[in-house]
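Presented as structure tokens, the chain that follows is alone, the form predicted alone.
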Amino acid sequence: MKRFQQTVAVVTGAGSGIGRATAERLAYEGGKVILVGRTRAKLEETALGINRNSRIPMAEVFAADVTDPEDVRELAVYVTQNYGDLHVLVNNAGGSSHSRILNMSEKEWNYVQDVNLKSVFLVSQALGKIMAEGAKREQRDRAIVNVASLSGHQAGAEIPHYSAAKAAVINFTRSLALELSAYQIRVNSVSPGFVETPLTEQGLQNEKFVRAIQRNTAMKRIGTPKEIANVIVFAASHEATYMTGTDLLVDGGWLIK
């Protein structure tokens, strides 16, 4: 039996990388997935790939900037009007840049905080209300999974704004788990290590950087989006019904090295 039959899911940052892989896996396992992101073309490409192999459309597109409160409100209205309920939310949208603290502009700091942390707050608040209302009508497993990062567990060179934001996501996840437990909504985070995504694409073109990752990772390689998606989907599934407020570190053994 597919784990996400009769399940409505929202995945932010679903146009590429981990978000795309997560949406694909949720749909493959029977979930109806709403793909959210700023770039409609990328979302439509993801949806096309998912729906091509399905008898009925399992993915649909909602273009939105999840750092914009009005866009997030419109997303909530869309979910309510079209489905009336929500069972899984994956807050995956994110981004970063390289900059040292002494040279960083306030604009650069704010952008990274907004896309990685503010977006998680806005979307969790707006869609969490839908999930809480649904829980009053129907007692069933509901889950929020926030995508944090290895960088939320340790200092990162030239990414202090990103490290700070992702550490905050991990602790925000715990706070949200406490509050939403009253509605039987589980909230966990997943912290990927070094993974082949558009965010890391430029760095992974540097052979010296790649060799350093391989040397300092217990599993001696870089991860794939599908490997992270597998863990996100597990955390969202009924197989993890006694797990909440937890961060799952998926780093190939980087920290133990």
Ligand SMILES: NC(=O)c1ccc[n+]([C@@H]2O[C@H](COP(=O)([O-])OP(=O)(O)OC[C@H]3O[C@@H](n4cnc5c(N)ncnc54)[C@H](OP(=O)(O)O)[C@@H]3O)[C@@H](O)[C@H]2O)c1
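From 1 onward, residues are counted along the sequence shown. Since we're looking at a predicted model, the values are computed, not measured.
What comes next is about the form predicted together with this ligand, which is not displayed.
Figure note: of the listed segments 127 to 135, 180 to 188, 81 to 89, 141 to 149, the one touching this ligand in the model of the complex, with heavy atoms no more than 4.5 Å away, is 141 to 149. By the criterion of a heavy atom within 4.5 Å, Ala64 is counted among the residues contacting this ligand in the model of the complex. When this ligand is considered in the model of the complex, Lys226 lies well away from it, no heavy atom lying within 4.5 Å.
Put simply, Leu199 is close to this ligand in the model of the complex: some heavy atom of it is within 4.5 Å. In the model of the complex, none of the heavy atoms of Phe172 sits within 4.5 Å of a heavy atom of this ligand. Annotation: in the model of the complex, residues Ser99, Gln113 and Ala167 none come within 4.5 Å of this ligand through any heavy atom. Scanning 5 to 43 for heavy atoms within 4.5 Å of this ligand in the model of the complex gives Gly13, Gly15, Ser16, Gly17, Ile18, Gly19, Gly37, Arg38, Thr39, Lys42 in sequence order.
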